[in-house]
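Shown next as structure tokens: one chain only, the form predicted alone.
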């Protein structure tokens, strides 16, 4: 296995960890105006994600930094071609952070900050899925690997379907987290949302799978034509079955959250295997314009130094993350500090 292939795998792992961790607090933010009844319950939801959300976003920064250093052509193409979409994601994340800080200090504008918290969670949760849909589907590129389409071409039916499916995936993930962290009526309500959103997500996942087979046969052929593709299909199905099993248990909140994380791992693996060896495949332009792992990778020395640094520092981030979750584990109650 080449260093470029190793870094393709590591980037996929970093972004998957981000989706698992920051995904639940984005999902909780989307549910926030619908599931919380009264100020106390709103405070419980904010406190349920307050100690975690900023640390979770470290994984996004790490993943984006890894793409920048390991695959600079991919970074240049996506951050220029998807510029408006990426800026909307960043503005959403910024607004979410600002809303949490100001909501904690300024109660007179609580409705404004609540709305900003919702939008700051909804926009990234939706657009990240839309971006993934375009990466799977492929985008038009010139011989230098530059995106030559328009912003509106990114909002194609397939990518929007992937985006809505991803949004629902994060919503059910967030509902599972709120079921773990809350008590009483809020817990019961979160558990109901957890069940409903899971089944909606299951229907959307089937629709997305069929759309992929019909319109992006390259990706489905890669998955079904490789043993590792079948491995991730099995992981995905195992996560689905395990989650369904836990949904019928009164005390299944934590284990259903684990099942949701397994589903995300399976789907991320399927997406990665479906694209490999492309980082971003071309669509509507010659196949030679695709940004493959080999074509887009940095030099050998850069990849080697980065790998050494990752071996040293990624475990540090893992330890820090584990300590944060251990410190703030347990039920959240009204009155707990939310920021």
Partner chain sequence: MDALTLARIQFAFTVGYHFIFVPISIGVGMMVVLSERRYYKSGIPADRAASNFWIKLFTATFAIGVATGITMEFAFGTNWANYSRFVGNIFGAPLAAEGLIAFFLESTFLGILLFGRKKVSKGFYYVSAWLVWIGSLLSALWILIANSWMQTPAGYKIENGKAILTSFWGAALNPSIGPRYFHTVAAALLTGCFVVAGVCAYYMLKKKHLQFARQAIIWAASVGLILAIAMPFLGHWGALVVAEHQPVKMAAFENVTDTEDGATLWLVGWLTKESDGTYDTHGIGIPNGLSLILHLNPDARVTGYTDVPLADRPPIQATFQSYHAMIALGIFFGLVLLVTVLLHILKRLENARWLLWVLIACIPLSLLAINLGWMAAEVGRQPWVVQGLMRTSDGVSPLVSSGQIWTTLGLFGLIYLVLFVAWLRIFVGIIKKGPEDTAEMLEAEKGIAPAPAGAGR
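What you are looking at is a predicted structure, and each value in this text was computed from that prediction instead of being measured. Residue numbers count along the first chain shown, from 1.
One more form of this protein exists, namely the form predicted together with the partner chain; it is left out here, but the text below deals with it.
Original post:
Considering 155, 213, 97, 237, which brings a non-hydrogen atom within 4.5 Å of the partner chain in the model of the complex?
Top reply: Exactly one residue meets the criterion: 97.
**OP:** Sort through 232, 193, 242, 113 and report the residue having a heavy atom within 4.5 Å of the partner chain in the model of the complex.
**Re:** Exactly one residue meets the criterion: 113.
Subject >> Candidate site 90, 145 and 309: all three near the partner chain in the model of the complex by heavy atom within 4.5 Å >> reply: Verified in the model of the complex; spot residues all in contact, yes.
Subject >> Close approach of residue 9 to the partner chain in the model of the complex, 4.5 Å, heavy atom >> reply: Contact check for residue 9: no, nothing within 4.5 Å of the partner chain in the model of the complex.
Original post:
At the 4.5 Å heavy atom threshold, is residue 313 in contact with the partner chain in the model of the complex?
Top reply: Yes, residue 313 sits close enough to the partner chain in the model of the complex that at least one of its heavy atoms falls within 4.5 Å.
Subject >> Heavy atom of residue 66 within 4.5 Å of the partner chain in the model of the complex >> reply: Although the partner chain is absent here, residue 66 would touch it in the model of the complex, with heavy atoms inside 4.5 Å.
**OP:** Check whether residue 249 has any heavy atom within 4.5 Å of a heavy atom of the partner chain in the model of the complex, and answer yes or no.
**Re:** Flag for residue 249 set to no.
Original post:
Counting only heavy atoms and a 4.5 Å cutoff, which of 136-144, 165-173, 217-225, 194-202 contacts the partner chain in the model of the complex?
Top reply: Stretch with heavy atoms near the partner: 136-144.
**OP:** For the stretch 298-330, return the residues whose heavy atoms include at least one within 4.5 Å of the partner chain in the model of the complex, in the order they occur.
**Re:** The stretch touches the partner through 298, 299, 301, 302, 305, 306, 309, 310, 313, 314, 317, 320, 323, 324, 327, 328.
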